[in-house]
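Below you will find one chain, with nothing else, as structure tokens; this is the form predicted alone, and questions on how it binds or moves follow later.
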Amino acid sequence: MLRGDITVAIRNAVMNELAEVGYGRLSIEAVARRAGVGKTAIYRRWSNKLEMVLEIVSDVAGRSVPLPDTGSFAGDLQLIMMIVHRALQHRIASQIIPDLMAEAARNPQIAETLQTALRTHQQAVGEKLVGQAIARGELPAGTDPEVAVDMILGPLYWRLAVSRTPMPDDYLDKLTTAVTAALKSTAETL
């Protein structure tokens, strides 16, 4: 295997191990076995399990989701909700996210790393979504991008990752309408 291929194999092995056994039971040995490499290949890249998991998970969590301008806030909102919906229902993500949130409650390093990666990405998405909507006159100036992201992601995360409740076919449409109305009224009260 080439050096880059080894790193990719290790990253994939870590994500699959996290999904199967969780952070607490994840071991360097199991990751190496799954990746088809020796433990030394892992220790050349990371000094311990925590460092390895934090780097790999923060890289995945911080990946930028391309957000095209669909021409309307409702279209942009529907698109980002669909992307988040699919991501939260992904077989591996649906196992890893709850486990890492539980670990974050016990481990401040994990909590800080996840919070930094997610908040940076969420801030960029919020600023783009809200900025485009303000420029088109769909939302009033002063609409808070952080509040917008919380209103968009919160219900989806709660429904799909916490309560694991199936979404009716019209849920994203209703959520889009509710978020848009709430953001318009919130910005008007400022």
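Computed from a prediction, not measured in an experiment: that's the story for all the values here. Residue numbers run from 1 along the displayed sequence.
One more form of this protein exists, namely the form predicted together with another copy of the chain; it is left out here, but the text below deals with it.
Using a 4.5 angstroms limit between non-hydrogen atoms, Arg86 is distant from another copy of the chain in the predicted bound form. Proximity of Gly154 to another copy of the chain in the predicted bound form falls within the 4.5 Å heavy atom cutoff.
The closest non-hydrogen atom of Asp150 lies within 4.5 Å of another copy of the chain in the predicted bound form. Contact between Asp99 and another copy of the chain in the predicted bound form is found at the 4.5 Å heavy atom cutoff. Here the chain stands by itself, but in the predicted bound form one stretch of 156-164, 36-44, 127-135, 53-61, 156-164, has heavy atoms within 4.5 Å of another copy of the chain. Contact residues in stretch 116-149 (any heavy atom within 4.5 Å of another copy of the chain, taken in the predicted bound form) are Arg119, Gln122, Asp144, Glu146, Val147.
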